[in-house]
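One chain comes next, on its own, written as structure tokens: the form predicted on its own.
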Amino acid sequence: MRGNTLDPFADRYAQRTHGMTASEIRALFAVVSRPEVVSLAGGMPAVTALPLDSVGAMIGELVSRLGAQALQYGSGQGDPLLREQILQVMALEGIHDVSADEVVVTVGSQQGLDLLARIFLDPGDVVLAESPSYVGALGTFQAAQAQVVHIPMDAAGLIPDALATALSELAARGRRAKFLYTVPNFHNPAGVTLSEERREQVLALAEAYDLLVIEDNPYGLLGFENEPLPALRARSAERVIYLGSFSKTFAPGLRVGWVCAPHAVRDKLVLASEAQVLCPPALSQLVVREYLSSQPWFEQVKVFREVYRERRDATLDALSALMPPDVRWTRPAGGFYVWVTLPEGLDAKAMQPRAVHARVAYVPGIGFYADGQGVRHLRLSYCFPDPDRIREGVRRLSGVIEKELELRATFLGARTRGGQSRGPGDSPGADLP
């Protein structure tokens, strides 16, 4: 068999596999599973906050009552009753002018994103995405051989002026972005939320440039301070495709998400999904359907909000009390994540092995960019550890950063005495207030 000694199939793979790389988060799984390591890395929901006895009894009764249906193939578009219930969930964010026929149930919202990439992206197409952006989306776009153009963010989310500049520059080169991918609420990884004013500005630009918007909104109901802002999809039915998920508000292990799209796109999504998985798992859909119809699910969302609010507060308090000067971070009003900016010259990826040695894990920022940015950044996730573990994890991380700063000061002193004043890692990374 031809090929190289490391991979005898190397000359047989499709070109698109060249864009398939392990994410920074998945690469940490072996580390974060060790009990002595405080993981501030993966965004694992706090499923122990669910009434597990009630959920378990509900599932047992469901299988007893609907076992033949639950264990059989289903519709490629998803269970009709579940799609009706999804309309009620989206209504909480102002989405009312929609029918169940526009909803396609998917195997988590990640499959929905992959399906959209399959039906919209050809190799070399341009996708606009926030800077930084969700690592799972970047992996999907890279596998589709798309070119990702990042749009800067600040504390109020994506910057419309920067979006306008990118669209204008593309148009001047005779090119057009296939879509803008955005996580407007409690952004992963940045933790910020797109302001009300900017939502209108982004959609105005989308209208002016005939731009499609993919709104990924897994955290929208998990705000700590205010009611959810109306979704982008609530403001534009034809311009916005909406991705939703039950992974953050119920259980990620069920892998149930959805896409809300105009009918023409809906048809292609169903065909692409049937080619990929035939149909989403019937049992998972019926469990979610039963949960929404028989359990106080919105009261449970409120429980999750309080759990995550307490953990967010523990994270921010610990960062304020323990971090060295010149370390900065975002202050999320919901969701799972805090985005940390290290002092000039530090490299979060290079620092990671020393953090693991100190028994704390985070995700380096470089994994959230398609173009090598993010050297000075890292993502902390507060959703899974309890507050005491969070505080201990931040204490350990603070010690690692202090040690890095000491080593850097020693290194720069030696370089200066040797006639050189610039050390490795000095080039500034992208900054997010």
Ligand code: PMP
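One-based numbering along the sequence shown. Predicted model, so just to flag it, every value in this text is computed and none were measured.
What comes next is about the form predicted together with the named molecule, which is not displayed.
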Of the options Lys178, Arg83, Arg199, Lys248, which one has a non-hydrogen atom that comes within 4.5 Å of the named molecule in the predicted bound form?
-> Lys248
Let me know the one among Ser284, Gln110, Ser131, Gln352 whose heavy atoms come within 4.5 Å of the named molecule in the predicted bound form, would you?
-> Gln110
Spot the stretch among 311 to 319, 272 to 280, 297 to 305, 101 to 109 with residues whose non-hydrogen atoms come within 4.5 Å of the named molecule in the predicted bound form.
-> 101 to 109
Counting only non-hydrogen atoms and a 4.5 angstroms cut-off, does Arg266 reach the named molecule in the predicted bound form?
-> no
Touches the named molecule in the predicted bound form: Tyr337 (any heavy atom, 4.5 Å) | yes
Decide whether Gln77 counts as a contact residue for the named molecule in the predicted bound form under a heavy atom distance cut-off of 4.5 Å.
-> no
Mark Val363 yes when one of its heavy atoms lies within 4.5 Å of a heavy atom of the named molecule in the predicted bound form, and no otherwise.
-> no
Stretch 213 to 237 - residues with a heavy atom within 4.5 Å of the named molecule in the predicted bound form | Asp216, Pro218, Tyr219
